[in-house]
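Just one chain follows, in the form predicted on its own, and it is written as structure tokens.
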């Protein structure tokens, strides 16, 4: 080995991957139901430390909604125009809104029989009563239906409705609505603006169907979106970004290598323009994290770092360029810098995850969250059609650096601009795996069991467990072998 080579390569620079390590078993002094896999991303609480990647064959609104409902997060891709991005973000943000916007109404001149028929037909328990000018003058519920059959057939709504309607103004918070419903012992709370109906809140809709969902302060689903670090010079585009900002909780800067002066300067301008939080990435070394944490003077919107370069199953960056930072290595490097300079910053291990056991491994070297496209591209909720090849159901999965993905032109700045002929990803098929519920359940069980075996009760405890390098023969032994 030459002196020059020795100067370049150090023991701590062994670039290990998930397959190169195993977590050492630890002492467990708690029961399985005490394991807590929840984590934080800035001020937001996530009940599972799992994020679906901002890829156009992985996360659009259907995936993002389901990920948030299950307690994780889905990052919407940016490989489309701003109009579609706004549409996706709006759908996610209001997918489980506690405000019913399309409210059933009936005329004050209507008969009780009409109101009864309307409620039975649409399976609802009440209707808002409006005058000719569409202003609300009462509410008629099942409780107001008279017992006398003759009154039902010939009576009028105005004679049986509740006239003194308890209402609330637009812009109400979930906590305010709950308080109003409880204090007045009512189940329906109309939202009125100068007498006109703007929506309806019901006690039933305030009860969460998905108690572990990732939600904002107003009870709406968390919305995240991939974003270019390039600051737009046109005022029209800046206004469009402000429109997106209304629906997005967290912007994920979406480039293959973020450790660049132009990207950093562009991001600082974006942080001044937008109010949402920011996750920056991708990076892969201690030095890059140290620079971002100590030299860049980002605003308080900066909440996380996304790490890993070249590890994705459809990524060819390391092969094409000779440069990379596999996710396990990158996570360990960046987590050390975060621990040294700003422990409040969240570390997200992005890419390279192949098995449920890779999740506890990522946590063991300092990750707070994991991001993957591979796990979710074959789900029902991912974009695209289910195809059949040789009798097997599949879906298309492509890297954002593939020629097919870059052909749109929307992600040209995700890689080195101008390198149009050098693909840094591939487009292929991945097995169809069904609904995401089953995938998430497998990942949760793999993570939980890994934590139990290693003796870690929480995500933070996992960062304290010991790991070791495993030899190629050891890798063979840990897999199924010697079978017919």
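Nothing here was measured: the structure is a model prediction, and the numbers come from that model. Residue numbers count along the first chain shown, from 1.
Below, we turn to the form predicted in complex with xanthosine-5'-monophosphate (XMP), even though it does not appear here.
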Please state whether all three residues 39, 66 and 72 have a non-hydrogen atom within 4.5 angstroms of xanthosine-5'-monophosphate (XMP) in the predicted bound form. no
Given that the partner is absent here, state which listed stretch (128-136, 350-358, 190-198, 160-168) has heavy atoms within 4.5 Å of xanthosine-5'-monophosphate (XMP) in the predicted bound form. 350-358
Considering 107, 342, 313, 212, which brings a non-hydrogen atom within 4.5 Å of xanthosine-5'-monophosphate (XMP) in the predicted bound form? 313
Could you spot which one of 78, 374, 220, 116 gets a heavy atom to within 4.5 Å of xanthosine-5'-monophosphate (XMP) in the predicted bound form? 374
Interface membership of residue 401, xanthosine-5'-monophosphate (XMP) in the predicted bound form, 4.5 Å heavy atom rule: yes
Looking in the predicted bound form, any heavy atom of residue 49 within 4.5 Å of xanthosine-5'-monophosphate (XMP)? no
Heavy atom of residue 424 within 4.5 Å of xanthosine-5'-monophosphate (XMP) in the predicted bound form: yes
Classify residue 53 as contacting or not contacting xanthosine-5'-monophosphate (XMP) in the predicted bound form by the rule of any non-hydrogen atom within 4.5 angstroms, answering yes or no. yes
